[in-house]
Ligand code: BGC
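Read the single chain below, which is given as structure tokens and is the form predicted alone.
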Amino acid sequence: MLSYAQCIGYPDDTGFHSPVFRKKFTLPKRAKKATLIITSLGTYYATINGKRVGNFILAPGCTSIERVQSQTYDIKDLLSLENTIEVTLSKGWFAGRLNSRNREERGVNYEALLCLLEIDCGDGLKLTIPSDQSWECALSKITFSDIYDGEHFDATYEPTFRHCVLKEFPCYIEDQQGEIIKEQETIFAHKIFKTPKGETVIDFNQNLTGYFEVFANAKAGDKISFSFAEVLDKDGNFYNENYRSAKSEFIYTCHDGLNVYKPKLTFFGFRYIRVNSFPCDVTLDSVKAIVVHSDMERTGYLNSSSPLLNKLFSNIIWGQKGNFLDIPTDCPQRDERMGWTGDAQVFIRTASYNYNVNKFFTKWIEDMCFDQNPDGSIPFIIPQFWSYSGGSAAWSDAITICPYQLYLTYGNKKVLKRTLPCMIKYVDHIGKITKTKYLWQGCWHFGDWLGLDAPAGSYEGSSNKDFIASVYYYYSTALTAKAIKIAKASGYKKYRELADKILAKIKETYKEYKTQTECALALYFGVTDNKKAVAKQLAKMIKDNGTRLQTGFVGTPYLLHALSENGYCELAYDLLLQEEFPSWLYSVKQGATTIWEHWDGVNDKGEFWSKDMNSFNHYAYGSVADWVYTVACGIKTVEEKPGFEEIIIAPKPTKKLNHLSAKIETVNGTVSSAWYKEGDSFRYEIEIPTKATVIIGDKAYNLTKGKYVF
């Protein structure tokens, strides 16, 4: 229907001043039905007669630069006889500071609006109002807006309207595919304090993603100015150098009287707000934080007898909420906020148990397909906003791993069928660029990013990059073969045989492992014939390191699995419950409320790891939760019966905890597994929604739907 509309824009370069577009119209009688179909280049905020249209924050969302989503709203209740529709735009993800491809490569540096109102007044009277040159436009009261740098609003500014101009709309338009972004919850200020430097800071006691609502009595021209931070420095002062070049600021020019405002076209990652200026006394009621993320249904719950472990579970949930803002971002605060493929693929199993992310990831995988490079490589960020975004093993493999996980968790065959050509193209690409047939050698990779065994001055860990790449080459090829079989497409034999040849070549070439990550990958992906010796080697490495890990982004997700699958489950628990650096609980003891990018984002002396790459809301290491769901509590999918149509429950308890439980609301119903230590034995409470094999110790029970106690 948007084919009836024209793409309109502001006549001049707006810089980062948000333009507003409006149309006044009169109805002969009350509307019986009315819809607004709308999309934009950049993000939009629409009102009719001063009331907001819909509840989609930062619409039309974040997508590949090749496509954009459109939304359809029921607007009947917003209409009267005399009406004004206004749509305010910002460059947002489309042409803001983070999108160098659109700005530099394509030369698309403008906002634009495309919309259509369809109104049925009954008795055969229908009106169609498209965006066209009859609309007016002006520079709005939002005098500055950017995702990195924040928002400025001038309540005293009076827009001057003029005629719109036509603009090119260089994107493919699709109906809304992903989950919309919504306001989810409100967090009230925890405390207000003066720092040693004398600055006024508001603490919300939770690192979050979103924005705030501010309340202030003021005179016209008074200023409200905020800056944002995740942490304080060791002296208790406000600290946001880790935001790098992102200004992340809010400046508001007041009108006379009570001022109430929420940012409309940007978001922030923060726990603390520094009050740079305020027209009256700041109280706990002056500002409240509003949590914003994609509208996902919570489905997974973990609980234990350990307060520290429960706080870790909470931090993992907050990390997911803070970074699932239409795309799975690496972090929500600094000048990045990108859909890093490596972070997404290592976390997707945990993500799919914590929340229903079927729709969320289906949309992001579609972006991945749009952004696949002509040679078959997959960029390491999706959408591909940077002018250069090549591929890397363990990052680009998101094209095979993520669709297959949606199949396992939700039984989603459609996403496999849609992605299959991209999977095949990707696997074929590796075969063309490798220097050694049946291995992936001689190419650039991130390696075991942020591995603690990295040489001085490196972020990349000491693990053999060619080994990591070859393992993922094998894994992606094997997943591609499985996807072909499930989709009943041609080529299964070809890719199954290719996977077998890659596996044989890896075993022939890589027989020694020098790092924890190399051992973990060899065990988890089954690329060694000597599992017992490798498991023993891995256990010794960990114990010799003080029962501490040394793994980075690649090795960490598989480390506990590699141990528990090979006779070292108690050692896996020792790592999970380790409280000293480096460990999951170290950051918890340091006061973290989300997952950190670095094991030592802040060390025990209060010193920061670095200024340039030190996010305190970075969900990747939260992937450990999938081990708790699937091993500690033992809830496993059956590959041949996906979507929990059939289930295996094989909990592995430890006497180091008195209690541990997991519950997942699956597409086939509730599955839960809990165990309690009772003296020298354990009590198991299990609920299954369908057929399941329950394994307690060495005994297996074939059960049907119901609740059971062992």
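Computed from a predicted structure; not experimentally measured. In this text, residue numbers run from 1 along the sequence as written.
As for the form predicted together with the named molecule, it is not shown, yet the points below apply to it.
Q: Give me the residue from 597, 626, 118, 453 that has a heavy atom within 4.5 Å of the named molecule in the predicted bound form.
A: Contact with the named molecule in the predicted bound form is made by 597 alone.
Q: Have a look at 553, 211, 94, 243 for me and say which one sits with a heavy atom within 4.5 Å of the named molecule in the predicted bound form.
A: Contact check passes for 553.
Q: Want to guess which of 327-335, 524-532, 118-126, 423-431 is within 4.5 Å of the named molecule in the predicted bound form, heavy atoms only?
A: Stretch 327-335 is the one.
Q: Using the partner position in the predicted bound form, report whether residue 360 sits within 4.5 Å of the named molecule, counting heavy atoms only.
A: Contact with the named molecule, no.
Q: Given that the named molecule is not shown alongside this chain, does residue 166 nevertheless sit within 4.5 Å of it in the predicted bound form, heavy atom to heavy atom?
A: Residue 166: no contact with the named molecule in the predicted bound form.
Q: Taking the shortest heavy atom distance, is residue 449 within 4.5 Å of the named molecule in the predicted bound form?
A: Close contact exists here: in the predicted bound form, residue 449 approaches the named molecule to within 4.5 Å, heavy atoms only.
Q: Under a 4.5 Å heavy atom criterion, is residue 321 part of the interface with the named molecule in the predicted bound form?
A: Close contact is absent here: in the predicted bound form, residue 321 is far from the named molecule, nothing within 4.5 Å, heavy atoms only.
Q: Pick out the residues of 41-56 whose heavy atoms come within 4.5 Å of the named molecule in the predicted bound form.
A: The stretch 41-56, when checked against the named molecule in the predicted bound form, contributes no residue at the 4.5 Å heavy-atom cut-off.
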